[in-house]
Each structure stands twice: as structure tokens, then as C-alpha cells.
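As a starting point, one isolated chain is supplied in C-alpha cells, in the form predicted on its own.
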């Protein structure tokens, strides 16, 4: 991936402090209309030709479709164009307080109209093969998202506890053995006990969150295309797991604890 340092709008200290405190912030009009259109074209190309990690994750017998795919920036030119040309890597550096920003992976998430499947409460990092605190995901909607269908977050849940990563469909433990980590608390049993954040979103907006922030989403009565960009900073290190991660990185042969100095994780921005 060719890298550049696009001019980014300033990230004020209050926004950066909120990101570090809550583990999530909303960014309005962070992508241009042209960048949204480029990403949307890439999503349609991706849906027409899923990669080897692509899948329909809809629960059997449920209406609609929840389609996911991972790690396609190298074969979907619109993804690479939008990633390299946007201000998101520079914004990530400011929010994380990092002097370098690397691409970890891209993630396609499309809920077709009428999809009832809920994305359960979970953290992202326990599914991955990395350790470190300077992580950020941008969840970028390409269609308007109403508040009831948006991604929700538990503010402050990125501090400390790692929860057991489970398959969304079967509920089986992934990456770690059963009992190795705490189970995700039942957030919906008493939503008032948690500081839950979520926003109605328009194309051009994005939500930025730490990879340990608990999040989940309801189904969607309308089509909801989203592109996630997962980036990492200075303190992130390679961390092989006992089981296959999601997504996997079979081609990476780094030593445990090594920086992510590998072609699979290109540097997108430097301070």
C-alpha cells in the first residue's frame, strides 16, 4: 500500500481525552462524499466476490443476511484508495497518542434489509493476535443508520478486563480455551447499570473505538453497509494465540512480542 500524510483536521484535546476515557467517540463528516462513494463501490465489488474469509453469519432460519469479510485491502482497489487518501490514519495517531499508525485489517459488515440478527456484546481484541493498548477501530457506515440500529458501546469497558471471545453463530469459545477469560456480562439484562453510548449516523460519519471496548448492535430494518478500518499504534506487539484467530494471519512469522514490522501491516502514518 502506498502511504502518504494527508492533511487532517486538528483533533482537539477534549476529543482525544474522551477517546482515552470512554474508549469511543463519534466523528462527524470525517470522510468526504467522494471517499464515501469510493468505499461504497469497493463494498459492492467485495460483496460480488467474497474473499476466502468472507461468510454469511446470519443465524440459520433468520431473515435477511449478515455478510462479513476480512483483509481485502490488497485486492479491492477502492479500499486501498480510500484508506490511503483519508485523514483517518492521522486522526488515529492523535486519538491513540501514537507516533506511528499501522493497518491491522479491514472488515466488511453488511446487514441486508430485514436482518433480525443482533451482533452480541463483545470486545474485538480477544479475537486477535495482538497485545497492546494503542488500538483503534473506525466503524464507517455507508448508509444512514438510525439510533435503534446503530453500534452501541459500554463506555470505559476498554480498561482492564478481557472477555471470552465466542463465535457469533454457535457461541463456542474462540482463540482462548474455555474458562481462560471472564464471560461478557449480560448488558441487556440491566441496561441502566451501564454507560451505553450510541449515535444515529450518516454517510461520512464514523465511530472510533478502542479494540477492547464492549460493543454490540441490533438488527436493521434497512440495508446497513459498514466498513471497519482497524489500526494500531506504537505499543502493539505480535501475540500468537493457542487457537486460530479471527481474522487469521497464517503468513506472518513474527516472534511473540515483536513489533508488527511485516508487509501485512503497512505503516499508514507517522508523526
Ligand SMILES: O=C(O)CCC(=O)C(=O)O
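Residue numbers count along the first chain shown, from 1. Keep in mind that what you see is a predicted model, and the values were worked out from it rather than measured.
The same protein also exists as the form predicted together with this ligand; that form is not shown, yet it is the one meant from here on.
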property	result
Residue contact check: residue 79 to this ligand in the predicted bound form, 4.5 Å heavy atom	no
Residue contact check: residue 175 to this ligand in the predicted bound form, 4.5 Å heavy atom	no
This ligand contact at residue 122 in the predicted bound form, heavy atom, 4.5 Å	yes
Partner contact for residue 151 in the predicted bound form: this ligand, 4.5 angstroms, heavy atom	yes
Output flag, 66, 109 and 228 jointly within 4.5 Å of this ligand in the predicted bound form, heavy atom basis	yes
Stretch in contact, per heavy atom within 4.5 angstroms of this ligand in the predicted bound form, of 37 to 45, 239 to 247, 198 to 206, 220 to 228	220 to 228
